[in-house]
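The chain below stands alone, shown as structure tokens; this is the form predicted on its own.
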């Protein structure tokens, strides 16, 4: 198990600040790196991998700097957003070459294992320039996994993958995180991040806007009303009872239940059972309607 620490990290190009004073700690499990285009996600990944020097601050892998430290690559794998594969090679040759560069004792065996992980065994002897974009992407992931790294960094890993390939890759990332590896991946498709990881790092305009479980982040957004859908044994009577609750800012009654807006998540969820019990009403369903990663991301970017 490995830990990655970024402390006060900034990166600028002349007068342009790409990343500004970012501090984050990444441990075992899968973390999604989110942000609008141009927010600095790729720069963060390149500094984390040691491909780019921070202008200020430190990036450490297990206490050692990643910049100018070739030894870090024994424990780290990177798939960059920009494709860098030789089309005249087969997947087997490409991944085996990566294994040899890592000086693995049995490169062919390591390559076969990695290719199997990404489900490319059937096409491993075809030239890469005959592959679809999704197949090339999976080949690059195999090359990053060939030395069984403790830390895996992926920049838009699902680019070009069809739904089946995407589902398999999501499952693979989940398994790698469950095995104790530290996985950080960027994606502009929020549904993908939500499926594989509840933990996010959100970069907006080069700064870290939020960090942690996105549901917890949402509940701390006291400036945004929380929306709940509720179904009970008597919706109209419950709506009347809830009007007097100070945390409730709005109620809508529909045939399929109530939509309630509350100013504070904790206050409302503690008050609801008492109010329902006092009125002899049974709550059958309570669902936070705007606690998705999409809503959290949109609120953060709009702030």
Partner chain sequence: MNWTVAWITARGLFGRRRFLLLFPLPVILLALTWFAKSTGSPPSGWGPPLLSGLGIAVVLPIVALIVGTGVLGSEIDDGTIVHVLTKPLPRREIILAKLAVSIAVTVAVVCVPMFVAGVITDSVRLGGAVAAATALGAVAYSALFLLLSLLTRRPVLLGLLYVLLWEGLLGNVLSGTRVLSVQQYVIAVADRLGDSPFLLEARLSTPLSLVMSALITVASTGVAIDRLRSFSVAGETS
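These figures come from a predicted structure and were not determined experimentally. Numbering follows the first chain given and starts at 1.
The following text describes the form predicted together with its partner chain, which does not appear among the structures shown.
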One stretch from 167 to 175, 212 to 220, 114 to 122, 82 to 90 that, in the predicted bound form, holds residues within 4.5 Å of its partner chain by heavy atom: 82 to 90
4.5 Å heavy atom contact, residue 150 and its partner chain in the predicted bound form: no
4.5 Å heavy atom contact, residue 161 to its partner chain in the predicted bound form: no
Contact of residue 138 with its partner chain in the predicted bound form (heavy atom, 4.5 Å): no
Residue 43, heavy atom within 4.5 angstroms of its partner chain in the predicted bound form: yes
Heavy atom within 4.5 Å of its partner chain in the predicted bound form - the one residue of 38, 266, 244, 63 that qualifies: 38
Among the candidates 277, 68, 270, 236, the residue which, in the predicted bound form, approaches its partner chain to within 4.5 Å (heavy atoms): 68
Within 4.5 Å of its partner chain in the predicted bound form: residues from 88 to 121 (heavy atom criterion): 88, 89, 93, 94, 97, 98, 100, 101, 102, 103
